[in-house]
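Have a look below at one chain only, the form predicted alone, in structure tokens format.
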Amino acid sequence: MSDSLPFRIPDRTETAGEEPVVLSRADHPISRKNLDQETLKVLYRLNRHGYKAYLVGGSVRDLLLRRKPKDFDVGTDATPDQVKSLFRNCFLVGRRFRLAHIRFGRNQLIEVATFRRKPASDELPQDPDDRFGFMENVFGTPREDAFRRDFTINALFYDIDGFSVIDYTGGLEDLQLRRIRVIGNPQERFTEDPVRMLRALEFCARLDFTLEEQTRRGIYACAPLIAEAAPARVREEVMELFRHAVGGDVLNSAQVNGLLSPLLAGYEGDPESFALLAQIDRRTRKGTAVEEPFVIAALYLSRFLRRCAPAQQAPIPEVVRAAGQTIASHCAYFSIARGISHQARELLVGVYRLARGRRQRGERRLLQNPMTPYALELLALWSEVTGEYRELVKEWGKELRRQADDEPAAAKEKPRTGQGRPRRRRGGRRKSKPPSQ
């Protein structure tokens, strides 16, 4: 099963009936060998005590695509308190969304969620402040739980009792067609949670899928709503894109679909910026961890270099001020810590000073600055995009390597104690004798 699923999937809609599509063990590639032992323990214990025990969410999707899941989540008809009674190592978390966390050792955690449904209007509390938490904790059937999820490919279940795959929403068909489709009305679902629009684009990039047309139209219509999402949440979601090495593709797609400007507080990218972000994703895939100051500097490097062209030889204090002003609105909107914004600014200034050329005033201090190797790496990625500064990047690289090679020899030549600076006297101030009585 490389490009498509090896069976015919009938069309399904939300009104197609109560019965799901069920694939028997012989009809799908998921094996218990693909699950870790702790997850199997949780599934088997729930099943032995008469509860439904399903593997749910993205792990089922990834296993069907022969990808390694990041983690495993469990769905069940047991309530959180019933789950806790079965596992001594279980802790209940969350008030808005009650979950059971089952810990194995220090690092392994299995999340167990009770099937939920959307409550009827007459079930809602009178106090609007109480409704949100109440809506998230109304328990339901597996089918009702499936239709509460965001995308069809994330609403697939693997039943440990019989080893079958269960599909209520048409996720198997969408896997076969390699498309991302929202469950229900896209505009309603994106209004409920605008960050789903970004996640739709992320899944397209990570899985090499396409957007279903109604979903694409929903994103275009609801794009301004992303500005209402909490900036802290958006900031983390954007960094997750770069940790998964899809930041460039997703932000480029976000601009095409009208989502980028409200997502990043008015940011508009250009082809060079998106190409630079794609270079960062390739760097991440090769094993280099991506840091937020590097991403911020890359987002605004093109805009900064248009404002401060290295050939103009502007005074460095003006360059520093311009770099800070270039990223100021971004850092203010997302409440970026001063240390991170300072590093992003130093990267921009470092790129400017490196691109200005060799044998400039302050070159020695530039080479000794701990941010300079990172600025040179950013300039090297920019040179791959634009074709500029390639020879200069090589020359700076040789100089930094030469300086690094010279450091051990310089350390050996440091004067020993007693030479150079005078030896410091040990101990503190001599205590004075107590006055005689």
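Keep in mind that this is a model prediction, so the values were computed, not measured. Note that residue numbering begins at 1 and tracks the sequence as displayed.
As for the form predicted in complex with adenosine-5'-triphosphate (ATP), it is not shown, yet the points below apply to it.
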Residue among R356, R179, H101, H244 with a heavy atom within 4.5 Å of adenosine-5'-triphosphate (ATP) in the predicted complex: H244
Of R143, R303, R196, R235, the only residue with a heavy atom within 4.5 Å of adenosine-5'-triphosphate (ATP) in the predicted complex is R196
Select, from the options 46-54, 62-70, 395-403, 32-40, the stretch whose residues sit within 4.5 angstroms of adenosine-5'-triphosphate (ATP) in the predicted complex by heavy atom distance. 62-70
Is N154 one of the residues lying within 4.5 Å of adenosine-5'-triphosphate (ATP) in the predicted complex, judged by heavy atom distances? yes
When the contact criterion is heavy atoms within 4.5 Å, does R206 count as touching adenosine-5'-triphosphate (ATP) in the predicted complex? yes
In the predicted complex, is there a heavy atom of adenosine-5'-triphosphate (ATP) that lies within 4.5 Å of any heavy atom of R149, even though the partner is absent here? yes
